[in-house]
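In structure tokens, one chain follows: the form predicted alone.
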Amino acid sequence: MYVIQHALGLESDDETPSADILAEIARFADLELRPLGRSADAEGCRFEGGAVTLPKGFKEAFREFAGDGWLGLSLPKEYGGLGLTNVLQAAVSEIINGAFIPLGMLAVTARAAAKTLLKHADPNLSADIVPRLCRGEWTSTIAMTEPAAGSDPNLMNTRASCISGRRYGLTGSKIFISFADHDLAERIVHLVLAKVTERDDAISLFLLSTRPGAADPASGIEVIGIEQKLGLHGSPTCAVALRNAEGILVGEVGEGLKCIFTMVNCMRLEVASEGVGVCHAATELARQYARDRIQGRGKGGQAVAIIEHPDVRRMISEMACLTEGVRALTLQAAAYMDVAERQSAPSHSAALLAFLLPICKFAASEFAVYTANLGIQVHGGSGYTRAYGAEQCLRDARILPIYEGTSGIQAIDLVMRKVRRSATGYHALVDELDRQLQRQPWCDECSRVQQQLSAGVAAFRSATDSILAHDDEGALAAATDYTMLASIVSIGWMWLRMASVVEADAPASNRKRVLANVYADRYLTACEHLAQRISFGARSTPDATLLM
């Protein structure tokens, strides 16, 4: 953590030492959450009699977590939070998610709902609800997706009709709603997108609430089932019916997407933390197994642990350099969020944050799946069984490139909005990259990373020129490759910074320099190839009629 703080220029708060906070949440994660993560995965959630039952131990863990103040870590003190930084929140979230993602999901939805209400809702409504969310008395959901409307909200069918003033009745259905029912809290608040019938179907945001279980039919909100999923068995993914359910308008009519993006941006960073948590968990499981598993012969003919074999070392070093690189990038985005939240006008930090959020979500999600898959490979046949936990990492990771905006959606956002519509964030990032590259490296190992990153930045510039030169079809066809290139270069920036500030002779510092070069050799060298593919645009994307 010291190297990352130093590399990113993050200052510690003497009144709330981050090391003490991280040590405490790590203790809780190791003693309470990690065992719960395994048992909850095996037990799963049940839906009976119109109510959801969570796995054994979830309620007790949530009560301890909420009672210790973790839910409001980065929320304002005047609303019951602790008022700490988003950087510290991201680091805490990684630890939680590495042990038990469902608890992290429940926590971030409450935190994101609180931030949305504080920014867009009537102050009296915020003053009533946000402290309850901080204390864990209430929890929250985000309800956007419908059976016929996923990433395109214009296709939604849920309608809201004005009852009086800011009170509306909502009718429709929502799916893929995490924790729409449970027995953890007194009440659940739902932030729901719907079209206002009286205003030409203007998409708007509403706050609804219900008591958990099947005992609140008067609310007009009914959970009608839960999904059977590949992973995240400890979290219920619910389908919800709204039958003239009464809600309160948040913001103004027609501002639903603007309001919900406050929540979405918070959750994008959280999904990045989930990805880092999975990367770390998978890497540690693989490292431990490789140290203990004796198989094959070493140079002297003696039986050795598999970590001695070059191909296993390659896999574990890749897992480690991706984990630590994505962690640093996520913390950097959180640092920009801290600065941007303190500024009222558009700023350099806000531009960088807007550009990096889709990159962080994309990179952490995609690399979590890749790292978890490598983890199974390190375990060999044992990784394909449930005995070691490696396969759970992969099952849990697979949702990350899908929910809170698929990897493709992140790529479209980056290319179409953050580059073709306005390239402010792109230029801000390139300026930061150039400043880093102009600094004199203090060791030969750093020089190697710097050279590879310099070539990567040149490829990134070339690829951006291609994106701007393509028509929309070509830009969209190249969007995922472009976002991967942006991810690799951004993480390379983090590795050069970390490698440049480490102490000369410390063992941990030598490890950082070694991993920086692993990343440079195995990932930054791919940038030119990606730039070439991006230059093709839609050339290698067949017409839909050929694929039907």
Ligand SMILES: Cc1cc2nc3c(=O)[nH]c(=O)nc-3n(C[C@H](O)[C@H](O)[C@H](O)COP(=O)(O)OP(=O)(O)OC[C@H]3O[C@@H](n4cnc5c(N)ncnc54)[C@H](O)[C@@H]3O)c2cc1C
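From 1 onward, residues are counted along the sequence shown. Keep in mind that what you see is a predicted model, and the values were worked out from it rather than measured.
There is another form of the same protein, the form predicted together with the ligand; it is not shown, and what comes next is about it.
When the ligand is considered in the predicted complex, only one residue from Thr145, Ser219, Ser454, Thr171 comes within 4.5 Å through any heavy atom, namely Thr145. Gly150 is the sole member of Pro76, Gly150, Gly389, Gly213 with a non-hydrogen atom within 4.5 Å of the ligand in the predicted complex. Relative to the ligand in the predicted complex, residues Thr237, Ile402 and Gly405 are all within 4.5 Å by at least one heavy atom. Heavy atoms within 4.5 Å of the ligand in the predicted complex map, among the stretches 409-417, 323-331, 88-96, 364-372, onto 409-417 alone. Contact check for Cys266: every heavy atom lies farther than 4.5 Å from the ligand in the predicted complex. When the ligand is considered in the predicted complex, Ile177 lines it closely, a heavy atom lying within 4.5 Å. Proximity of Lys229 to the ligand in the predicted complex falls within the 4.5 Å heavy atom cutoff.
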